[in-house]
Structures are given as structure tokens and as C-alpha cells.
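One chain comes next, on its own, written as C-alpha cells: the form predicted alone.
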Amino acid sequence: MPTGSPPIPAGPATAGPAGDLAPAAARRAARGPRRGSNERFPRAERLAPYLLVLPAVLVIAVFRLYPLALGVNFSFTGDGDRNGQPVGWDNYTALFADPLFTASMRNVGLLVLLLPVAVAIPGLLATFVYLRVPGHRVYRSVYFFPAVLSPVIIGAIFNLLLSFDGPVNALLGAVGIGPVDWLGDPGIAMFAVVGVHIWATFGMALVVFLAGFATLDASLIDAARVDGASLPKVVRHVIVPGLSRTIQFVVVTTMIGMLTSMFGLLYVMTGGGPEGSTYLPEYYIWFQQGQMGRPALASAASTVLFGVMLVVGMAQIAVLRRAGRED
């Protein structure tokens, strides 16, 4: 090139590779992200949780909520000559005028009062197993055995044990205590049936408590022991706050079980007697539906039972949450 020639200006056409890349990157940044296959993945991720829960929601809606709505609607129709005809609140008025139903509702109140005992027994046994106190191997070996037995078998066994001339009264007589009519005294029969139910079902709650202990920070218990805390203080200030969620779950499920899973024991052990003292809403529902042929009245009783379970469950959760915050 001659020495006096003017320099050639560098433009886009003559820029090197680095000069081409920088403007291209700037143009892509100005346009924003490309609408391609990568944009669809965030949307799919947002929809994935809804798709996963959809089958469960459909099952609950079809097999739970829809029958519940049908039952509530059926409770406002009549029985017998007025079968299928709207009767308003007549069934509910008849319910609360029936001494058997009012007795069953009083027994629901008794179950609520006995609920802490039903929860404390498996909770304490799970604590013994977790802390390896003397005898914990025995609890671990036999705690689940009653849960695998049929309520009919359990009822038949305890009918023999609790009969007036049975082994339990024989043991009481040996220590100088008179025989007790466990299943024939209206003031005692319900307590006897509830005690049998707690014995028969505490294994499931104990398993839940043991699962909760697996999430508990063991270092907190060790620190409390090092500080000289006694077992009751460890339970009160470390274990109970650490298992608050587990306790809430066990309280609600145990209450539901006591209200809806005692039919077998009641049918075999007392048949609702003596004098209707062991009636529960579920037994009353079966009696009206199966024995008296009054399905609409039974539907009204089912609706009341559902309302009671909902209110009691929500109240228990609220109380336990408040207690957990205070701790």
C-alpha cells in the first residue's frame, strides 16, 4: 500500500468477529427471551401441583362431598307416608325430642371429656419407648396387637371378662372389693365400653407418635437431662412443644374414631343398653335406618353428627395451636 494512501474506515462490513458478536448480543437482549420451547417449562411447572392433586380432589368430590350433599338434602324429606316430600325442619325437631338421641349427644360430651385420656395413653407409651425406660421392649412388642383384632372379637372377649361372674370381678373379690356390674349398670357401662375402645385402638395413635418422635431434635432432650430436668419436665417443656403438630393430628383422628368407630363394640357388648345409656349417634343412625325404617331421620342424625365432628375438631385444633404458641 502506498505510504500516502488514506486509511480505510472500519465499518460493519469490515469489522472482525468480535465486532459482529457484540451488536448481535445487544440486539438479542433488546428483543428479550425467545418464544421457544424453553418458555413452556415454567408454565408446566406451575400447573404440575394442580394436576397431581386433581385425582384426589375428584375422588373426594365424587365419593365424599356429593353423597354428603345428598344426605343433607334427604334429611329435609319425610319418611313413611311422606316419603320424598319436603318436610322442612321436622326431622331435626323429632331428633331433639327423642330421648335416645339426646342420650347419644350426652355421650358425645362424655367422649370429649375422656379424649385427653385416649390421647395421653399412647403418647406416654410412645415416650417410654423413645426414652428407652425400663419395660420399653415389652411396649414395643405388644402395643400394636389389639389394633389387628376385629371389634366383634374384642367385644366378645370383654363380654366374658367383664361379666358379673367373670375374671375381673373375681380379681376384685380377691382384694375385698364387691362385684361390679360393668355392662349392666347405666352409670358404668359407657365408661367400660370407652375403656375397651381405647385399649383396642391406641396402637395406631402410638405409631403416629413414634413417627413424630423421629422428627424431634434429640439434642434438646439430652440438654434437658444434662440440666437435671426430671422426666415430667422433659415431657412438659420439650416433648409436648416439639410434637405439637403430631398431637393435633392424633387428637382429631382419635375424636373422629371415637364418634364413628365404636359401633361394633356397642353392638356386641351392650346393644345400646342398659336403658339406652350407651347410645352414640352412629348407633342411633343404624337403629333408625336398619331397625325402624326411617332413613330420612337417620340422614338428619348423620348431618348433626357431621356438624358436631366439624365443630369439635376445629375447636380442638384452635385450643392446641394456642397452647403451642404459649409454650
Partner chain sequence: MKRRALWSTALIAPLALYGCGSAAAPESSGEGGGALVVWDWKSGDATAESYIEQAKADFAERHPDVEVEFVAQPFDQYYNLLGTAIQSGEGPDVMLFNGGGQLRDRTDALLPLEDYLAEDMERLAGWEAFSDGGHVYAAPVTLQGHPLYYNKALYEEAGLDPEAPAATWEAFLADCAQLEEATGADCFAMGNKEGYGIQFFLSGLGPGVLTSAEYDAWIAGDRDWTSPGVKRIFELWVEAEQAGLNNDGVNSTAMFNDEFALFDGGEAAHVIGLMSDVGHWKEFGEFLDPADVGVMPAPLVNPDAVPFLPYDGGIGYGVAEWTEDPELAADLVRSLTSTAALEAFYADAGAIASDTTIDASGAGPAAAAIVAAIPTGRPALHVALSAETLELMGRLSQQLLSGSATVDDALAQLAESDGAA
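Definition used throughout: the rigid core is the maximal C-alpha set that superposes within 1.5 Å between two forms. Positions refer to the first chain, counted from 1. Remember, it's a predicted structure, so these values are computed and weren't measured experimentally.
Heads up, the form predicted in complex with the partner chain isn't pictured, but that's what we're talking about next.
- Looking at the partner chain in the predicted bound form, residues Tyr50, Pro99 and Gly290 each place a heavy atom within 4.5 Å of it.
- The contact with the partner chain in the predicted bound form, taken as any heavy atom within 4.5 Å, belongs to Phe74 out of Phe144, Phe128, Trp199, Phe74.
- Under a 4.5 angstroms non-hydrogen atom cutoff, the partner chain in the predicted bound form has Tyr66 among its neighbouring residues.
- A residue is said to contact a partner when one of its heavy atoms sits within 4.5 Å of a partner heavy atom; Gly84 meets this definition for the partner chain in the predicted bound form.
- Put simply, Val57 is close to the partner chain in the predicted bound form: some heavy atom of it is within 4.5 Å.
- A residue is said to contact a partner when one of its heavy atoms sits within 4.5 Å of a partner heavy atom; Ser302 fails this definition for the partner chain in the predicted bound form, lying far away.
- Comment: 181-189 is the region of 181-189, 231-239, 245-253, 112-120 lying near the partner chain in the predicted bound form, near meaning a non-hydrogen atom within 4.5 Å.
- Positional change of Leu280 between the shown form and the other one stays under 2 Å at the C-alpha, relative to the superposed core.
- Thr270 shows a C-alpha shift below 2 Å between the shown form and the other one [criterion: core-superposed Cα displacement of 2 Å].
- After superposition on the rigid core, the Cα atom of Thr260 is displaced by less than 2 Å between the shown form and the other one.
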